[in-house]
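Below sits a lone chain in structure tokens, taken as the form predicted alone.
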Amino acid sequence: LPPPAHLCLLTLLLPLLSSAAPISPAESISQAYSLALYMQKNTSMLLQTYLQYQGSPFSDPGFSAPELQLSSLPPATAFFKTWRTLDDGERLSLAQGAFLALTQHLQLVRDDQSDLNPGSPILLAQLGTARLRAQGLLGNMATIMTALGLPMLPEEDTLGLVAFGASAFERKCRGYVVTREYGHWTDRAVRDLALLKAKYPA
């Protein structure tokens, strides 16, 4: 990323990293919402860059495979009524669990692509940046839960056993699902945080 983008990301993360004093729920939600909006602007670029480097059929125009899923990564889709009636703890726990899983999966995908596409610094940089942003949003959510007095999920290994002998095609499929769901979960986080922002105005 060019320096201005790095500076923008640091500006969003710095209040959480530099201040030891507890912050209000409204302030922590506002910071998380700003970061989620910033992330949302780049998720489609990551997915398109990823597909471009994988070759056919992934790079074919209009490629989409919604049926592909990973058991280790929860899908972001949900029935609207179910999603809308979640309480604060449920909403944040689901998002926190998803972004914890995404940080681990994005590292795995980056490792896969370092092997499959070693001459693709743009893709590798975007995957690394996405993981950094997911970690940042995960930290923001932990701050919100602390401010609201909610219990946090313990950090765990969401990947479980990884088949290191997976074929190149299997690894490409895995990376596709991860980059796709990163975008979907970011979209959902924006909606989640918008609800919380309205509930806890500054």
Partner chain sequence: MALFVVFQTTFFLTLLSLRTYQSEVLAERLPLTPVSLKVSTNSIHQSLHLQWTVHNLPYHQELKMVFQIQISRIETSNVVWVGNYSTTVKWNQVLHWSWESELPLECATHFVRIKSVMDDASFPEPNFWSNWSSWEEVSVQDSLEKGILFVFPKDKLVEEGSNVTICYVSRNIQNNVSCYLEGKQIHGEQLDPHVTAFNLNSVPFIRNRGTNIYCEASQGNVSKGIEGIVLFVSKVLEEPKDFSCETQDFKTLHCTWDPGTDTALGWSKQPSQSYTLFESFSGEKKLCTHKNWCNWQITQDSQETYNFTLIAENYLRKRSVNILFNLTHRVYLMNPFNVDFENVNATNAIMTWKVHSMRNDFTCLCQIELHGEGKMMQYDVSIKVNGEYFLSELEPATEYMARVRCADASHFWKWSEWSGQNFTTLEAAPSEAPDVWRSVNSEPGNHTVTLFWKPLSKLHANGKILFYNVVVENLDKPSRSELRSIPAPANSTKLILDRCSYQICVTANNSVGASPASIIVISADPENKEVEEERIAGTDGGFSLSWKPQPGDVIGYVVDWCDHPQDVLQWKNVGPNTTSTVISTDAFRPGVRYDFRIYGLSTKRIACLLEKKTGYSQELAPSDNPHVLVDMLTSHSFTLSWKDYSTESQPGFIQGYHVYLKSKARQCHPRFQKAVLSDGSECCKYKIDNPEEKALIVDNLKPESSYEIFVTPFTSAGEGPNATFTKVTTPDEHSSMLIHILLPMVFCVLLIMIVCYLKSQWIKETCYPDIPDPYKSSILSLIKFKENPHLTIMNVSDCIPDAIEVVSKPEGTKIQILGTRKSLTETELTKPNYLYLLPTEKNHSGPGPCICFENFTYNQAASDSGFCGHVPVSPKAPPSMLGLMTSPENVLKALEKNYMNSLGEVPAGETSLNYVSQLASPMSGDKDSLPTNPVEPPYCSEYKMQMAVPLRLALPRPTENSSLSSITLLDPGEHYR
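Residue numbers count along the first chain shown, from 1. Keep in mind it's a predicted model, so treat the numbers as computed, not measured.
Missing here is the form predicted in complex with the partner chain; even so, the following discussion is about that form.
Using a 4.5 angstroms limit between non-hydrogen atoms, residue 133 is distant from the partner chain in the predicted bound form. Residue contact with the partner chain in the predicted bound form: residue 53 places a heavy atom within 4.5 Å of it. When the partner chain is considered in the predicted bound form, residue 115 lines it closely, a heavy atom lying within 4.5 Å.
The shortest heavy atom separation between residue 38 and the partner chain in the predicted bound form exceeds 4.5 Å. Listed stretches are 27-35, 61-69, 138-146, 41-49; the contact stretch with the partner chain in the predicted bound form is 61-69, by a heavy atom cutoff of 4.5 Å.
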